[in-house]
Structure formats: C-alpha cells, structure tokens
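Take a look at this single chain in structure tokens; it is the form predicted on its own.
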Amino acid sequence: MPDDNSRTVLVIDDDQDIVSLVAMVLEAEGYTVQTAADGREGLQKLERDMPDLILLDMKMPVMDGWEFAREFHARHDSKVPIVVLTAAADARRRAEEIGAQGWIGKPFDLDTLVVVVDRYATLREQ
C-alpha cells in the first residue's frame, strides 16, 4: 500500500518498452505505478484500487482506449482524470473523443511527461 503522500498512476499501454520507461520515470518522481497491457486488464486493476490518474493508450489489442473509456465511465462514478498517451497525429482530438482531461503525443519528452502527470494527478482531490 502506498503511503499517504504517494500518488498512484495506472498506465494502460500494450507497448512494454513505453510502460517500463514511464514507470521508471514516474517512480523516480515518487509515484506508485500500476500497469496494464490493455483496457480489459486496466478495468480489472480498477476493481482493486482506484488510482489518482490513468495514462491511456488508444490502440491496443483485446480492449482499446475508446472501449476502456466507455466502460470506465459506465462502471465508475469517479473523478479520476484520464490522460491519453497516443502516437496518433492529433492527440488532442483523441482525448476529446473520450472526454479525457489531457493528452501526451508519442514520442514524448520525459520532462513533459512528468509535468503533465504532476498537473493531472492532483485533480481527483478537487
């Protein structure tokens, strides 16, 4: 269980290299990181523990980001912000399509990742 000062980020992405990099960077910043390889696994993780932020890839096998977002909003009356993590040319549009609070385009700068996560990980409290 994380301490009271630690924020939890759930990273849902099928690219294991990206997941490992994001986890390493965010853990170095003091975050607790949970991971899922697709939307279905992400929903299963949410049944056990609700994170402070979800980083969501859009194109994944099994359950993509669009389906995950629909299921998440239908199942959970939660204020957890979603930030889309996508290689799509228009990351902002992808985020708007699912009602996400923010977006990060791939490839991304690690400093930008930290700034965006810091910005949105505190929204759940408000």
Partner chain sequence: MSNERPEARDWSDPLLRAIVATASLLTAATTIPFLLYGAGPVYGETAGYVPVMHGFAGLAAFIVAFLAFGRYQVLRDPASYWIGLSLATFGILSIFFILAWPGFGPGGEGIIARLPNTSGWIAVLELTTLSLLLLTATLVSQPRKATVAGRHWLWSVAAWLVLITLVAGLSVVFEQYLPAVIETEGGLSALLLTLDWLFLLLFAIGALLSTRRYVLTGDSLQGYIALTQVALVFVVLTALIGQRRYDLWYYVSRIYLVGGFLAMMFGLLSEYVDLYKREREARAEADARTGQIRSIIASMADAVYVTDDQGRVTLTNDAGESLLGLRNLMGLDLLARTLPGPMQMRRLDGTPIARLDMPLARALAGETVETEDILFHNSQTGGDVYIRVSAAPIEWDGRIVGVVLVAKDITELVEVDRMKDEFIKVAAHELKTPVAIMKGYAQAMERLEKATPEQRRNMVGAIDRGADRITRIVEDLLDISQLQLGGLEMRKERVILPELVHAVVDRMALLAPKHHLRVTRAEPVVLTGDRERLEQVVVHMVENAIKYSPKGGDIDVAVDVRDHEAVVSVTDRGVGIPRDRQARIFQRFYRAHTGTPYDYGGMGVGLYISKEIIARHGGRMWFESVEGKGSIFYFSLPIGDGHARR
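Residue numbers count along the first chain shown, from 1. All values derive from a computational prediction rather than experimental measurement.
From this point on, the text means the form predicted together with the partner chain, which you will not see here.
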With the partner removed from view, which of 96-104, 59-67, 73-81, 43-51 is the stretch that lies within 4.5 Å of the partner chain in the predicted complex, judged by heavy atom distances? 59-67
Would Ile18 count as touching the partner chain in the predicted complex under a 4.5 Å heavy atom rule? yes
Spell out, yes or no, whether the shortest heavy atom distance between Val114 and the partner chain in the predicted complex is within 4.5 Å. yes
Which residues, if any, of 80-97 lie within 4.5 Å of the partner chain in the predicted complex when only heavy atoms count? Ala87, Ala88, Ala89
